[in-house]
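In the form predicted alone, a lone chain appears below as structure tokens.
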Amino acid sequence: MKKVLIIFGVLSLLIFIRPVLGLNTAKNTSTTQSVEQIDTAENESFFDKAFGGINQFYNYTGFANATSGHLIMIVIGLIFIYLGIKYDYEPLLLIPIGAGVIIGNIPFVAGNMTGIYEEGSVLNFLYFGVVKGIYPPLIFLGIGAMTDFSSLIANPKLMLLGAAAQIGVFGTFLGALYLGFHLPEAGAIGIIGGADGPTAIFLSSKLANGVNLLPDGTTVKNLIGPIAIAAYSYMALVPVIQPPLMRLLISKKERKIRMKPPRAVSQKEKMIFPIAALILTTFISPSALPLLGMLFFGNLLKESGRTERLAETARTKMIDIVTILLGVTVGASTQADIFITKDSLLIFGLGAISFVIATMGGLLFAKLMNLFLKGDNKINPLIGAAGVSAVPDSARVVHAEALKSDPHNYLLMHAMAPNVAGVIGSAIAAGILLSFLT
């Protein structure tokens, strides 16, 4: 123990004596300065790294990457959701689309497989069903499984009203050509006049998908997002757009016309109709086979009486799932840098005009038909507005407008005939355009 104390005392003495003797003074001063410099450098490095990390984190947030376009689109998404909830305007469509618009316009850093147009991202995989036209036929399958064609079978002449309303499709097609769109792009824009969202998506995925090449070697524009949003927007605004046109073109006396009740349709007729209609319509327009084939197949499941489980699945669970995926991905495809363009504004303008033309075409053709019909065979011209394929909203609007003129004039079942004919007509029109423009 004594030896340890002696050694410790000697070392302590040397430590204190060396500075007094001037040994290694310069070296000690240099060492002290070096230690101070190292401490200062370490402090500066720590703060630099801390602020650098915070700055890097901020650069990855949406706040650093947001643009006015993103904010505009987010507001549009909120408006869609508001219209769906507050006014019940097609909530099953507008709410998923509105949510998708918000999702698609949250600012992100490119390259992290986040955006819907970045290959490998989750949204891109879900969007595959839109780009390849997979979702629309599945929607048509569900529509067929929930549609009753009895009113159309009972009064086949009303199918002409569904055909007359398609004037909006070809009118818009010509308008798009006049505004400088190429033929395939104009064809895809034209189908907005049919007021059928799935058909519009199907046709635009084939003609205006940003992939196909034009004869001059350039690539067609990707217009799927603007066309789909325009089509669904005007479908949702049927209760706003159509009533003023009805009052403008149809007199009060004509609005009070009561139609005789449709005849009873047998179950055998209901079963034969989807098979016969499938063969006839697809022979006329083979390119519309994915849509019309699924529509009438779904209806056959419903009417056969042997496949109720399949029909129930098609018109409930399956169509609900596909509607969610379709709505969200179509909404998310409206990224501000792609969606906010001059072309989008032109498409929305053409869509509004085409919907007005389609409604007017149905109404005026119904008035024309009455010139050749006698007595109780006359039709109420209001049902011509249901020729657009916004099922069943346009039929409901017709019914509500008729009740305002005559509280006992029930037109819902009569209006469903041109309404479902409009679905068939818009699909045939899409097939015709697809045949000529590909």
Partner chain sequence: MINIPLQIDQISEGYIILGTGLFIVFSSLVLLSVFFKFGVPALLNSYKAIKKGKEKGSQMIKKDAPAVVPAVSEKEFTGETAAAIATALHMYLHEQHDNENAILTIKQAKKMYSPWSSKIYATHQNFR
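All values reported here derive from a predicted model rather than from experimental measurement. Numbering follows the first chain given and starts at 1.
Heads up, the form predicted in complex with its partner chain isn't pictured, but that's what we're talking about next.
Listed range touching its partner chain, judged in the predicted complex by heavy atoms within 4.5 Å, from 348-356, 130-138, 88-96, 152-160: Correct option: 152-160.
Residue among Val238, Ala164, Leu301, Met294 with a heavy atom within 4.5 Å of its partner chain in the predicted complex: That would be Ala164.
Heavy atom within 4.5 Å of its partner chain in the predicted complex - the one residue of Leu213, Leu174, Met113, Ile79 that qualifies: Flagged contact: Leu174.
Its partner chain contact in the predicted complex: Val122, any heavy atom under 4.5 Å: Flag for Val122 set to no.
Partner contact for Lys268 in the predicted complex: its partner chain, 4.5 angstroms, heavy atom: Contact with its partner chain, yes.
Leu183, heavy atom within 4.5 angstroms of its partner chain in the predicted complex: Leu183: contacts its partner chain in the predicted complex.
Contact label in the predicted complex: Pro261 to its partner chain, heavy atom within 4.5 Å: Contact with its partner chain, yes.
All of Leu280, Ala421 and Phe436 within 4.5 Å of its partner chain in the predicted complex, heavy atom check: Yes.
Stretch 408-435 - residues with a heavy atom within 4.5 Å of its partner chain in the predicted complex: Residues within 4.5 Å: Ala421, Ile424, Gly425, Ile428, Ala429, Ile432, Leu433.
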